[in-house]
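In structure tokens, the next block holds one chain alone, the form predicted alone.
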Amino acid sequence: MADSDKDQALVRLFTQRESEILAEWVSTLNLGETKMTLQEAESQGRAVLHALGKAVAHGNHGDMRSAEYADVRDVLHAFSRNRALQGFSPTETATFILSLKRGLLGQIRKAAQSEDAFDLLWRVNQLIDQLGLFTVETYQKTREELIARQSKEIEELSTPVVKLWDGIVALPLIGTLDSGRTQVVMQNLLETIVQTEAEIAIIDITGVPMVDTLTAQHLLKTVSAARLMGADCIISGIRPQIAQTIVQLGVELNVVSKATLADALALALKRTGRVVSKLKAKSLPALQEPAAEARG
């Protein structure tokens, strides 16, 4: 069979037998495994077959990246992206596309002569394999984008700036402080300093597991940025192990530090002209029992 005849056989398969292929494709699907309704399977299957029919009619049957397959890529991209965002697995996503083979093979068996069947089967297999690979690639990219976006949201949530008192804010850090997170920390802190007109910012590193040279540099950058905004900084949560590490590394923090957040807050209050003192027992207000509710 000549190449032109083979091409025409493939074109006829998709354009003249689209309804039959769709019916056989959907009938062989295990909708429970693909987690699709019959209506969804028919609608999405019809979109794929229609785009494929247009693509093979224009040639370039072996190149999924060609311009002729733009509509096919768009359909598969939308399908894969939606499945990824809905939490389906790569297997569940690719199974739907790869199962198209059974529908096509059934129609080839009915339409093709025995001597031509192998060539047509080989072309169809190559084509569907490319569709499956493209689907998985799109799915993977979407999942990576979703994970990156969620990581960014978690970083923003894990660096809250808390107003402790008028003119005093605190930034509790938990986990490793890398370059990317430093930018988020710095931005959140500076924005809060401007909004609250804070004079002192307490950076609490109790939740930071270890402090190395890079972490110390990130802390110094944050302190310097806060000073430029007119706020002085106090670092709290300096544990004995961290103090020893900083000394061994020869890092000069050049900032006031305290062992606990409570100590840092006491110092901040003192600097802003406030004092926290314990009331004497006789000065404490008496606790009153709440009045009993009237009963009807």
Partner chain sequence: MDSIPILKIGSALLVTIQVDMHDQLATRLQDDLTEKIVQHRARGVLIDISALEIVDSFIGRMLANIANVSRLLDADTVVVGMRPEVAITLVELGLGLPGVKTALNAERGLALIGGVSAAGEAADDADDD
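Residue numbers count along the first chain shown, from 1. The term rigid core refers to the most C-alpha atoms you can superpose between the two forms while keeping them within 1.5 Å. Only a predicted model underlies this, so the values are computations on that prediction, with no experimental measurement involved.
What comes next is about the form predicted in complex with its partner chain, which is not displayed.
Undergrad: Which residue among I174, A148, V194, V162 has a heavy atom within 4.5 angstroms of its partner chain in the predicted bound form?
TA: It is V194.
Undergrad: Pick from A70, A262, L38, L228: which has a non-hydrogen atom within 4.5 Å of its partner chain in the predicted bound form?
TA: None of the other options qualify; the answer is L228.
Undergrad: Name the stretch, out of 124-132, 181-189, 79-87, 139-147, where some heavy atom lies within 4.5 Å of its partner chain in the predicted bound form.
TA: Stretch with heavy atoms near the partner: 181-189.
Undergrad: Counting only non-hydrogen atoms and a 4.5 Å threshold, tell me whether A198, S224 and R271 all contact its partner chain in the predicted bound form.
TA: Yes, all three are in contact.
Undergrad: So, in the predicted bound form, is V256 in contact with its partner chain at a 4.5 angstroms heavy atom limit?
TA: So V256 counts as contacting its partner chain.
Undergrad: Tell me whether A262 is among the residues that move between the shown form and the other one (Cα shift of 2 angstroms or more, core superposed).
TA: Shift of 2 Å or more: no.
Undergrad: Core aligned, does the CA of A70 move at least 2 Å between the shown form and the other one?
TA: Stays below the 2 Å threshold, so no.
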